[in-house]
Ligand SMILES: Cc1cc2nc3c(=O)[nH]c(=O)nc-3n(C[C@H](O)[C@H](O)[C@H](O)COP(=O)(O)O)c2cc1C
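Take a look at this single chain in structure tokens; it is the form predicted alone.
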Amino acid sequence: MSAWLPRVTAAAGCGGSGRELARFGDLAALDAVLIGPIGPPGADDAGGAGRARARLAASPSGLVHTPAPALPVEHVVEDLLPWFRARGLPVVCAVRGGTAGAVADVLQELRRSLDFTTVAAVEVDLTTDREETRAAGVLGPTDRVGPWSADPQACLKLLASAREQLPRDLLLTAKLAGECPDPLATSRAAVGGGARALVLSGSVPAVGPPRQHLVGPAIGPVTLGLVTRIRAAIAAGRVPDVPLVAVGGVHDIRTARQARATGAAGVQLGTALLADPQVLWDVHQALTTVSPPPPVSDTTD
């Protein structure tokens, strides 16, 4: 199964709104610019969408961070999409939410925008905490029950709900991380729900307060291991054949080429952009001279 996807973008939460990157290079030279994470107002614990700041700190094992706050969908629709469309720049919208309804609401708002034609793909974050009502049929507070990726059936329903909100020919991708207890089951569920590419993140929970994750070069082996495992499952017909994107530990040309050699069709750059945003263009240029990974199987289940 083939699908277009950008060779390199910033990871969600690491490129600002995407517009800030224009100070460091020509955005038109990239395949697409990622915007996000995008979520409903009040989606984040620390003050709601866009009002909190992600925290990044050094540890003996690498960098530890808290999730980036979500950009309010209203800001994306009213300000960012018009800016990108006016310049003819395709974007990838990274979306997250605690419930399928929250994600669907964000996608509906994006779809209603007159500038939606600039959206080339949507990434649904399965690393986000899923929420459930405390009692069936009762409106009110919700409990966090772990990330979406911990429940393949919930992932299938989430992706199916997202797919219904989008044009059939628009690329829909699903992002899962190293903490996923059963990556193969979650990958099958995501593709079964409508994802046509998988974004594989090596980030893992860090010791300490909840919702902290280890990121940066130290998690490169986790990312490559996850890509290798899913590629092997694709070859064995245990996961449908879709492109893979590697994120986590990809911080320069060498590691980007390593991810490509392992089987990733694309990469995302995260903390590397904090030190040198220009690396985004350097890696993009380098990957134009590297052949994409060969297809491993035409078998789907």
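If you're wondering where the values come from, they're calculated on a predicted model, not measured in any experiment. From 1 onward, residues are counted along the sequence shown.
Beyond the structure shown, there is the form predicted together with the ligand, which is absent from this document and is the topic of what follows.
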Tell me the stretch among 63-71, 25-33, 230-238, 259-267 that has any heavy atom within 4.5 angstroms of the ligand in the predicted complex. 63-71
Would you check whether the ligand, in the predicted complex, lies within 4.5 angstroms of a non-hydrogen atom from each of 37, 127 and 274? yes
So in the predicted complex, is the ligand close enough to residue 201 to count as touching (4.5 Å, heavy atoms)? yes
With the cut-off set at 4.5 Å between non-hydrogen atoms, does residue 245 touch the ligand in the predicted complex? no
I'd like to know if residue 195 sits close to the ligand in the predicted complex, meaning any non-hydrogen atom pair within 4.5 angstroms. no
If you check in the predicted complex, is residue 219 within 4.5 Å of the ligand, heavy atoms only? yes
So which bits of 170-193 sit within 4.5 Å of the ligand in the predicted complex, heavy atoms only? 175
